[in-house]
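For reference, the chain that follows is the form predicted alone, supplied as structure tokens.
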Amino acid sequence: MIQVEDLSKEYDAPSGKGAPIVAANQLNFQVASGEIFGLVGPNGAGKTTTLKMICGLVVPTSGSVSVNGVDVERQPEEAQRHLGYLADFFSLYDDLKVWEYLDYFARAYKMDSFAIPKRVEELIHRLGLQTKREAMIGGLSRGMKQRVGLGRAIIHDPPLLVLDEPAAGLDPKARVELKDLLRELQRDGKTIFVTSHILSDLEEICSSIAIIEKGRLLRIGRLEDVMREGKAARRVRIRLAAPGFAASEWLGARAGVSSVATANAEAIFSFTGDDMELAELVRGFIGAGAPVCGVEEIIETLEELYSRVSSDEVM
């Protein structure tokens, strides 16, 4: 769906002197159809610049972007048919009613005039805006305005949706509703490219992730692969039905086990083996008399991974 090749963007230094600011530095990645792809990084890392180049709103210094096989720079009008973009700070026309606003943008996208009323009503229902259909946009809450903005982005039914910080400023309930909506759009076949500082939300919905810093990609790939990358050992927790078994001594004597910590009838340790080797370890542990009632791998959260690999440096 998205093909990015050797993509770079440089800006002149603010004073006009010195080295240029590199907002994107030789980026190469692909986003497959049907994915929810998350781009993570500190403010000033190059996230928004990258999104805008994908949408054709910023001309790259070098490299190329294609969306659904269409070169964004060479065929800008055609590319716009394949994508919908919602900026972090997007403008709305406060003096229009909700249905009027959606109708306006449907016509701006040159949709078939006979199909527009049906499409507008379809989106009003899908976005939960039935009670706000006749409301003036200026009087809507932040969450409702976000829904209207999403409606504008998908009014022409593009296969790709590009969202820059869509959850910013939303209350917890509105964030849950947004995540549900994005999952629903993915089930309908949409590809979604999204940035957010709310990493727990991205961890819930993204199939792939990239971490960007100072215009360079630090990590990229399937979410589960990125979470494991660079870790020599997995962390495992074994819960016991009752205390008393010498878990630390037994585990500490096993190959591949290190950093054993025991407390409150559980043992947490690092293990370098694969799944089959872990299964053998647990089988032996039980065979030695340990009253095991639960085993789980402690997965690093996206926030923990980000803190570990990012220095939070900006250009």
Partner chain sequence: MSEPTFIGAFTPELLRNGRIQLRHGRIVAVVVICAALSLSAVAYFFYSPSAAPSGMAALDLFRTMVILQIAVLLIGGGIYCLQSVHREKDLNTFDYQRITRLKPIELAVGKLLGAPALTYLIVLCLMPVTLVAAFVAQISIWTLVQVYLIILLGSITYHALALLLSLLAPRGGSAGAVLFFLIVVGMSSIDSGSSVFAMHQLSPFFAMEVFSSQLARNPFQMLPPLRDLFLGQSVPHVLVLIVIYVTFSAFFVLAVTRNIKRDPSVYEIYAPWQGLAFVFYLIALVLGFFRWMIPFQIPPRFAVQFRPITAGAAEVTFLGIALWLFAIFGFALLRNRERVRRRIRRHGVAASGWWAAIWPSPYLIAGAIATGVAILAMIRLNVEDYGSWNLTVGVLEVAFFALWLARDFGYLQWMNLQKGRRPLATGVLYLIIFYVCVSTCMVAFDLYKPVAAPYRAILMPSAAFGLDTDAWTSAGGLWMGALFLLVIESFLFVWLQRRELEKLARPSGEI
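Since the structure is predicted, the reported quantities are computational estimates derived from the model, not experimental observations. Positions refer to the first chain, counted from 1.
Quick note: we don't show the form predicted together with the partner chain, though the next part is all about it.
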query	finding
Contact check for 188, 252 and 304 against the partner chain in the model of the complex, heavy atom at 4.5 Å	no
Distance check, residue 58 to the partner chain in the model of the complex, heavy atom within 4.5 Å	yes
Close approach of residue 242 to the partner chain in the model of the complex, 4.5 Å, heavy atom	no
Exercise: residue 80 in contact with the partner chain in the model of the complex, heavy atom 4.5 Å	yes
Heavy atom of residue 62 within 4.5 Å of the partner chain in the model of the complex	yes
Interface segment, criterion being heavy atoms within 4.5 Å of the partner chain in the model of the complex, picked from 202-210, 218-226, 115-123, 170-178	115-123
Listed residue that, although the partner chain is not shown, lies within 4.5 Å of it in the model of the complex (heavy atoms), from 197, 183, 97, 237	97
Residue among 160, 86, 129, 140 with a heavy atom within 4.5 Å of the partner chain in the model of the complex	86
Any residue of 37-52 that, in the model of the complex, places a heavy atom within 4.5 Å of the partner chain	52
